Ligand SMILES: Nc1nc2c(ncn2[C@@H]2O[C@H](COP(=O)(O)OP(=O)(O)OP(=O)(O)O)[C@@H](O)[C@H]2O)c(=O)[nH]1
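As structure tokens, one chain now follows by itself in the form predicted on its own.
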């Protein structure tokens, strides 16, 4: 098994990156990343709700105006978004790598992420998607989220899945709205550590080249994080592996990234133990581990990104996928576009 540890900012490729935060969750997470000092190229935001831009700096915002009245659906959001394709095109000019961040529990993220991923593919832009799945109690959102996940996986060069339930369990007594904000901040901090050191901490950041190679491994990537107050670095790693195990089988992991955070007492022995623990839990399919760490925190925490999962529990959200098994008549997600029939000429 190959083990790598990279110096901060080490990358052999000059990437031309753009990123999109889509819908409420996507806008909140990407804007939090920006406040954490992590810059994924030029940040762009798209939503149907103006309040989603409250924490967004800059002018790269796309407000998708939906028709007044009627039921809001993924089809209607995609249809309304067609009027903004020129804006999206301009955002993709000169880009070779695109990051999409979206929650699939609502209408906007699940509608726009497949659409923009396809636009990127048409332009030979590598697209990596970070998707946040709905809570298990949101039964009415599971099917549409499962369908959107299938589209995004087929159109992305790599996809990272985040399970909302795993993070929610850490804040069982918090009011619901506060829980959503805590989840977004937790996710932003986790993604910050994948793309660079957060909070100006001392340590070793992860190399962008290796990160993209890990995420581009066939199958899904799953992000696992430890609880907020792990006693030791070792217990933090075990907690992060357990987090992944609730979404997919850790024994399926082919490549992994570990990020350890702790105080100034974080030692080389702690890092070695973390790698050994991950290897013992995951098993023989694991071919390489990349390691990053920071020493600017007060408590121990761990993040593990495992890739190569052929399936996750979220595949069951779209039961038609297993029934049809690739025999779909029309694979493309449909759009609903409002047309003023009064302006059409009569057709004889």
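Everything numeric here is computed off the predicted structure, so don't read it as measured data. Residue numbers count along the first chain shown, from 1.
This protein has a second form, the form predicted in complex with this ligand, left out of what is shown; the following refers to that one.
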>> Only one of 250-258, 129-137, 152-160, 273-281 has heavy atoms within 4.5 Å of this ligand in the predicted bound form; I'd like to know which.
In response: 129-137
> Should residue 108 be counted as a contact of this ligand in the predicted bound form, where contact means heavy atoms within 4.5 Å?
Replying inline: yes
> Does this ligand get within 4.5 angstroms of any non-hydrogen atom of residue 100 in the predicted bound form?
Replying inline: no
>> Within 4.5 Å, heavy atoms only: does residue 104 come near this ligand in the predicted bound form?
In response: yes
>> Since only the chain is shown here, I'm wondering whether residue 239 would be in contact with this ligand in the predicted bound form (any heavy atom pair within 4.5 Å).
In response: no
> Which pick from 81, 190, 148, 183 sits with a heavy atom within 4.5 Å of this ligand in the predicted bound form?
Replying inline: 183
>> Going by heavy atom distances of 4.5 angstroms or less, which of 76, 164, 144, 217 would be at the interface with this ligand in the predicted bound form?
In response: 164
> Taking heavy atoms and a 4.5 Å limit, what residues of 18-51 are near this ligand in the predicted bound form?
Replying inline: 23, 24, 25, 28, 29
